[in-house]
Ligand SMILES: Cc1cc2nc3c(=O)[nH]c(=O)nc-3n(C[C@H](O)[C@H](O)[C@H](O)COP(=O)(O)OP(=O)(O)OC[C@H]3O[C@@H](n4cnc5c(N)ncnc54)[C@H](O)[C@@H]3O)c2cc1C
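There is one chain below, alone, in structure tokens, taken in the form predicted on its own.
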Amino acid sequence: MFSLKITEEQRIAREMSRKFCAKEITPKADALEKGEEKIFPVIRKFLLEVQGTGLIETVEDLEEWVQGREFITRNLVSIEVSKALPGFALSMGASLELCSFSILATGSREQQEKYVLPLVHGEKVGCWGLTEPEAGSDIRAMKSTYKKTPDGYILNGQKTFITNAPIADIFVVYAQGEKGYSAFILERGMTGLDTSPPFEKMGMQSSPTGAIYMDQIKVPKENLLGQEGQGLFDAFRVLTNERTVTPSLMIGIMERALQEATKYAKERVQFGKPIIRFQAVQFLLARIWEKLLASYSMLFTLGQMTELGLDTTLLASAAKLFTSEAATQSALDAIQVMGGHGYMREAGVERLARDAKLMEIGAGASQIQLMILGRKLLESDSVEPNPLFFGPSLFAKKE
């Protein structure tokens, strides 16, 4: 049964991640943000040295590794990475938790061998393309299309705001055809496939974001991912998974904000004493801590529900909504505590605010999460307030 007590294995995983971040990520954070150093060589090193993916040689090894990536252990690692550099966690997550997860969830054994193994080794970079210029929150408004041919499919369309798109080797994209929405695996180098340069963004600058252009791409039939016409169901599964792992990124930001602001408040002297002795400053710090504790509670509840095979859809939406907004406000409060110093880039906390803001938008904006929760209240005659009684997951494997 699930336990709040950190196991020895979890502690070791966290410490390994912490040491790697201190040595390989934190000293390079500014260079990674400015593009002076490429992020994926560092991600590959992390996967091999901390996650041990170099030992994965077969699909059976991969399945064993996935099963061994227990929820809390995985998220404790993500928290440490996000504390060091949120953009690092974002790019790694897009490649592993989005691209490779979608192929693992519905792909054939051949697809898993060909695409997922290189992704978990860090040899290839993955991205997951759902959003379009006119289809963000309204997924069904997508205009990317596919047509069936005797040899496979022809894809046309455009995706935008796609994490890793400018540097990706492997793309999972969605398009609409006569049987509905379907998912496809594309590879860089396919005729008609192109990507934009990295967009200039407010935050998460170490993680490249861009557009995907598809012009008469000939896709072999073996690159159809899952069943034709089941693309939206599969996409919702990936989105739920993304919302489930979002809290760990936001917790990392909140922890870093609290640590930096508290340290500064103890050292900064005004009116003859450290500013942490002023109640107004204590209240700002206490609010960050309050949000952090609540976020951990949501994360551990998600872990318990995942372990029990329960449906996490609603709690994942609630957790994504709460933690993303909490992280943004916590970073702003940390800046307020640190005053002019916090507003300067050298302090590092203003980056936390810029990075956190993305997660109020990506993976479904805050308003979409509110709609999901509100619709459940509208549709139900009697709503069970305890999320542990929501029943089995719709995405669980059938025995």
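Note that the structure is predicted; figures quoted are calculated from it, not measured. Throughout, we count residues from 1 along the sequence that is shown.
The same protein also has a form predicted together with this ligand, omitted here; what follows describes it.
You can rule out all but one of 41-49, 346-354, 64-72, 366-374: in the model of the complex, only 366-374 has residues with a heavy atom within 4.5 Å of this ligand.
Among residues of the shown chain, Gly129 is one whose heavy atoms approach this ligand to within 4.5 Å in the model of the complex. None of the heavy atoms of Pro118 is located within 4.5 Å of this ligand in the model of the complex.
This ligand in the model of the complex is approached by Ser137, whose closest heavy atom lies within 4.5 angstroms of it. For Thr240, no non-hydrogen atom is located within 4.5 Å of this ligand in the model of the complex, even though that partner is not displayed. Comment: this ligand is not present in this chain, but in the model of the complex one of Ala261, Leu98, Ala84, Ile251 has a heavy atom within 4.5 Å of it, namely Leu98. Proximity to this ligand in the model of the complex, defined as a heavy atom within 4.5 Å, holds among Thr328, Thr244, Ser144, Thr163 only for Thr163. Along 209-227, a non-hydrogen atom within 4.5 Å of this ligand in the model of the complex is carried only by Thr209.
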